[in-house]
Each structure stands twice: as C-alpha cells, then as structure tokens.
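Two forms of the same protein chain are encoded below as structure tokens; each is given separately, as structure 1 and structure 2.
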Structure 1
C-alpha cells in the first residue's frame, strides 16, 4: 500500500518543515563548497563570495549577465500560509535581479518580483500562499552586468494577518493535493487510495486510460508531492514495483501491493514462496547458488545478486525514487532520508 509520509511528522524539533520558523537554509551564504554554495543550486552563471558590512561576513555576488541560484524548501501548508521573505541586497542600477517563488517546485514560478536598485537596504516581501501547498523553490536570477550582491536572505512563516494580498494562483502539478479538477494543471483531481486528500494525477480509473492501459501507482516523484497515478500497459511492472492489481505485474501477481513472483508455494513448482516484506517482493526460494534467482545479495551464497537495480526511498519498496529529493523529508532532514538500492529486479546469484 502506498503511503505518503506527512512532512510534518519528520520535521525538526521546532515543528513543521521549517527550522524554527526559518524556511531557507544558509540564509547568510556562509557555507561554500569550493566555488559554489553548499545549500543553493547554481542553475547557471557564476557566483563568488563578497564582503558585506565586514570582510568576515560574506554574501554572494551574482557574476556575469545571466546567473541564477535556487533552493528547494519543504515548507508546506501545515507550516503556515503567509511567507515573509527578507534580504539585504546591494544591487546596481544596471543589474536586473528578480526574486521568484515556484510553489510545488514544478518549474513554474508563481511569484516574480524585481529587487530594486539598493545600497545594502533590507527588503521585505510578504506572499500569501495557497491554503494547501507543499514545497517552494526560491530562485534568484540576475540579468545585466551591474553589480549584485545578496546577503542575509531569509524566508519565514509570518502571522496570517501580515499577508493582506490574495493567495498566489497555483496550477498544481501531478502529485499535489487538490480539491477540484480546476486546481490541477492536468485538469484531473482524483480521490486516490492511500492518500488522505485528493491528488492531481493522470488517471482515476482504467477508463481514463487509453488503449486498454491500466491506471495504477506512478513512478518517482518529488518528495514534497504525492506519487501521482499513471496509465501503464498490462504487465508493465516488474517484480518489486508497486501495484494495485495482478494485471499490472509482469508476473501476473500483485502481492501485498508489490509485484511478486508467487503468492503460494504452488506458484514456485515445489519451492518455497518467500513472503513479501517492506524491502523485498514475494519470491520463490530456488536456492542460493550461482544462477539462482535472487532479489538481494542476502539471497545468495556468494552474497552477490546482479540484475536491474530497484531504488526506493530509505531502502523500502513503498516509494520508488531516482534521487534523494524524491523521498519525503529529505529536504528537511537529508541525513535521515535518501534514495537507496532496495534490490535487483530479475536478479541472479553470482
């Protein structure tokens, strides 16, 4: 059964996905990994540390005429819906610096404010977020050759009364919670089993899928979103992938929500049928010697099982992933969550 772990449950001691109200990591641009910032993604261009009020307190200078940095944050509606964004900036007249917020981190910026020419002035922006959101990417982009140095960027949850403007309009991507079809970019808001809210997704039932395809649980999705539904041809899912029905699985057997090799010993031609667990699908025990089928190295005498790697969040099968960011809670606490190899589909003992 697919579950989406609420981010609030894995938040830090201060509660929610914020660090005691602070949304952005390294707001002072203090952590540098070589020539790049450790917690900010350099999307394009170049950056360098720059002195601010004191040589020892450095900000970041956006170099060149097309530079952008961004940071994805796990802040969500349960943290609050009024965000106060502050920064201290030294922006020359011939530099165009823009502050953008991409709710849900789907690549489309819902807010886009130009940071005015400023001589180390503290600037404040208040943004009313949608009632139900999860994840915001903060992006700062610069065009033009003028000097632009940023320092002490902060984003924190403010009191609701401080935000007096309407909430930003958001076209929710697949995987985002929704109330009605109009909330979703796909135009489809489905009641999805296993989720406590409706989710924007590709399908609701097989009837929504073309050409006999089946509506089932989709593949990797950003950790701050639910895994949306997808349409797949019958038998498309290999052992180890999540499923809702037998027809989705190449093996024809959906056991405990995961495509598996067997349901009982009779399916294994006399061999034992190992039950499905959180970290392994149901499979026949055909020995441990070389050539025997396996899912992990623990199934083999050699300890080595080779096949197509199957990755899941925190080494479990309940949520597939490609990168760490696909795992819920990874943005809030990367030390606790990661995308790891769970086993090998079609594996063979070596």
Structure 2
C-alpha cells in the first residue's frame, strides 16, 4: 500500500537506535569513499559529487535516467513512531525524483512521495509509523534525464502529537514481531524460543510443512529482524547449526540447541566427548593429527582445520549469518558486530 504523506513542520526527540533522534547517517552526502558514497548504497545508475546552493556544501547528483540510492537504518518502535523527513534539492522539470520508505527493509515501499520540481526549496514531511516496527530503508530514486541534485535529506524522530495521519499499513515479513497471523505476509505468527514476542515465519508446527519436513529455526536473516521459522527435511542441519530436536541434525543429536557429534563418550567409540560451547558444538576428541575430525584449527596440531565454513555473528553459533548486516546491532554500531567464520562443518585436520 502506498501512502501519500502531508507536508508539515518540525521538533526533536532522542532514541536508542538513533543519534539523538537523527535516523539517517550522512544526511548531507559529505562522506565519499572514492567515487561512491560511504553510507549510501548505489542500487542502480550513476552518481557524482555536485555543487549546491551553498558554496561550502556539496551534494550528490543522480545521473542518467534510472538511478537509485538507499540506506538501511536501525530505527525501531522503541525510538518513536512519528518520523519527520526534511529535504533540500534541485530538481528539474524533466526529472522525476521519489523519496521512498521501506519499513522492515523487505523490498516494499510503504511511502512513495514525489519530490516536486524545486530550486533548493526545503520540504518537510511527517509519517506515522506502525506501533511495532524494526528497521527502515530510505530510498531516493530518479527517472528521466533532467538534473537532480540532493543537498540534504534528514529523517528524525518527532513528537507523537505531530503525526496526525493514520499509521502506514505494513505487511510484516518473516522475522518481524507480530500479534496475530493476519499481521504477517506469510500468514503465520508463532511463539518462538528465545524471543520475547511472537514472530512471523514460515511455519508454526510440523503440520504446516510439506512432505514430512520439520518446522525449525531458519538460517541467516537481516539483523534488525528475529530469526524466522522454516521447514527443512529431516537431518538437514550440519553440526554447528542451531536446532530444536535430534531429527533436524545429520548427526541425529541436538545438544544444547546446536547439532553436535555426541552427548557422551559412548557416542565417540570411547573417545572423550567435548561439550558444546557458545563457539563450538559437542564433538568427539579423536586426536589432533592429520585426518582427525575438527571444528576449528585449535582442534589440530597443525592449526589447520578444513571443511565447509560456518559463519556466525561475532564468531558465535547462536545466530548464523552471511554478511555483517545479518547481525543484530551491526547497523547501529558496525565496529562492534560482524559476521565471522566460527568453524567448519565436517572438518578434518590437515
């Protein structure tokens, strides 16, 4: 659903995932890493630094006839539910420039406002957010060959009383918090281990899964969302992946919430069973020489363990990831949170 938002005026508040109420980083397009903006993603087209109405400032020009830049931000409901946009731009008549807001960053724009033809005129918009949301992607898209230079785009938390329109309608993606099934794009709102609210996902129980598959914990998910439920075949999870029960694991053993090789020495043919930790699954201690099973290089005399890499947030097993943005808190503080290799599934010492 696309919502037209009214133009109105201004106030300030501070929030946890914001910089004293400010939501967008580098609102003035000052930070360039070579030919690219450092904190904005170029989705398509071309951009370049450009002069603005003020000789001491520079902005960004959207070149070509199909260009878009975006920024994913960690703002959430606990920061506030009234967002104010401010914008200064130079837009020619033969350019169509749109400011879009994608709640939950799932690819659907809940607001889509055309930036009118202007010559450095300041524009302000207010948007009422849902009562429960996490993560917003802001996108600026241009069509047409005309000049479009942006000098400043700001988004900040405003006082609730300033937003007088209804909240934007949002269909929640997998991993978003929910209250009832109808909140979710999947139609499934479920109670999930480790989360303090119900979560949208692909299943609520095994009966929701096809062909004898199991409802269990999913794989990588954006860090601003919870990990959703998914359906997987029995035995689909390698050692080191999170699990809820034995049947999900290739080893047939879910130990301390992670698929592992053993529970006790008897499972290892007499070798010791090393207990599960936050950074390693339960595994058999069959020696440290070449060919011995391992999870990390620390298990081997050579210091080298070879296998299929398993990556986790901050080098732990409790949340798998593909990229840094899959880690909770990474958007708000990228210096403290990252996706790193934890160990190796089916590893052997070299």
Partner chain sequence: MRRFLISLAIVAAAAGSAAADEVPGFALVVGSNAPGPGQERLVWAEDDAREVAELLEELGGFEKGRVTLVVRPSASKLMAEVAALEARVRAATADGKPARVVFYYSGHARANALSLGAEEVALAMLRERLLAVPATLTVVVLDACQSGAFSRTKGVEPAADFSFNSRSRLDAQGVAVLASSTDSELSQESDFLRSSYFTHHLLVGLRGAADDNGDGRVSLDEAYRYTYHHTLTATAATAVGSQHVSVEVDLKGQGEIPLSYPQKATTTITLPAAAEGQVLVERLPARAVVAEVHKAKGTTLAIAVAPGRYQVMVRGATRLLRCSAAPGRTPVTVVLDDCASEALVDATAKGGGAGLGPRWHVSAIAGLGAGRRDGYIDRLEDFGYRRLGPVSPQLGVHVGRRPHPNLLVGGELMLIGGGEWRRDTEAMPLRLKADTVALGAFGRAETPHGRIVLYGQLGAGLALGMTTFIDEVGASTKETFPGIYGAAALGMDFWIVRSWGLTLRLTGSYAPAIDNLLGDQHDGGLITVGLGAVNRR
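Residue numbers count along the first chain shown, from 1. Note that the structure is a prediction, hence the values are computed from the model and not measured. For the two forms, the rigid core is made up of the largest set of C-alpha atoms that agree within 1.5 Å on superposition.
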remark   = Block containing the form predicted together with the partner chain is structure 1
Per-residue C-alpha change between structures 1 and 2, residue 44, threshold 2 Å, rigid core fit = no
message = I want to check residue 291: does it shift between structures 1 and 2 by 2 Å or more at the Cα, with the core superposed?
response = no
ask   = What is the magnitude, in angstrom, of the C-alpha shift at residue 53 between structures 1 and 2 when the rigid core serves as the superposition reference?
value = 2.8
